[in-house]
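Just one chain is shown here, as structure tokens, and it is the form predicted alone.
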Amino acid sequence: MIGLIGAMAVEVEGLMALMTDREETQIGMDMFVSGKLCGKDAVLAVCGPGKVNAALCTQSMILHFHPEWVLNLGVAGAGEAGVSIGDMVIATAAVQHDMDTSPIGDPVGMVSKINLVEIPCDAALREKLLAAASTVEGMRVHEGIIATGDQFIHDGGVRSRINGLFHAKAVEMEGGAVAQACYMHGVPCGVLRSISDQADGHSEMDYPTFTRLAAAHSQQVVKALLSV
């Protein structure tokens, strides 16, 4: 079985519609839908925005469904000027840009307990995502760091600071938490993001306009991944 997590319904609704043999399981405030997706055993969930929501949902998924890997998919803001709306970012690693114990001597972004700044994403899953993305005509794909924090980035200065610290290709609110939960349980993880806004001061216009299109792009990649 594979696990798929989006923060919002729009990020997974196209995949939900393809599920057959559906079964719903309520765990706490999270609803998990399991069944067949493109012929594969799968479980999908909408975790809600933010790191705690994402981590709790991921842990419940791992403990109850035992997926062989977990993919966090959806939309994100661009992490730098060279990444544009409609582009795809596939994470080499995830960071938590708002984790900061530097006053006591730690690097900015180091996550206590696992003692990592960059939480690795599974290399084999990343290669499969790259191959799947290459089948979507006209899509520009980037590999790199995806930065997570409990903050919707809509200011160019904040975006530049995050990029300067972590060289982030995308900024969002869940991937680093999903990656941490997977890392702590020894489950391979991937983070896939389609860019919905530039995160540079125009997000209040970009995000409502392009979210649905960006979400559809990430779901296209997942369908291509599972159809192999």
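In this text the structure is predicted, and so the values were computed from the model without any measurement. When you see a residue number, it is the position in the sequence shown, counting from 1.
What comes next is about the form predicted in complex with a small molecule, which does not appear here.
Peer 1: Tell me, which of Cys47, Ala199, Val70, Ala181 has a heavy atom within 4.5 angstroms of the small molecule in the model of the complex?
Peer 2: Looking at Cys47, Ala199, Val70, Ala181 one by one, just Ala199 meets the 4.5 Å heavy-atom criterion.
Peer 1: I need the one stretch from 167-175, 184-192, 34-42, 54-62 whose residues put non-hydrogen atoms within 4.5 angstroms of the small molecule in the model of the complex.
Peer 2: After filtering at 4.5 Å, what remains is 167-175.
Peer 1: Please run the contact check for Tyr207 against the small molecule in the model of the complex: heavy atoms, 4.5 angstroms, yes or no?
Peer 2: Tyr207: contacts the small molecule in the model of the complex.
Peer 1: Would you classify Ile153 as touching the small molecule in the model of the complex, given a 4.5 Å non-hydrogen atom cut-off?
Peer 2: Output for Ile153 is yes: heavy atoms within 4.5 Å of the small molecule.
Peer 1: Would Gly77 show up as a contact with the small molecule in the model of the complex if we use heavy atoms at 4.5 Å?
Peer 2: Contact check for Gly77: yes, within 4.5 Å of the small molecule in the model of the complex.
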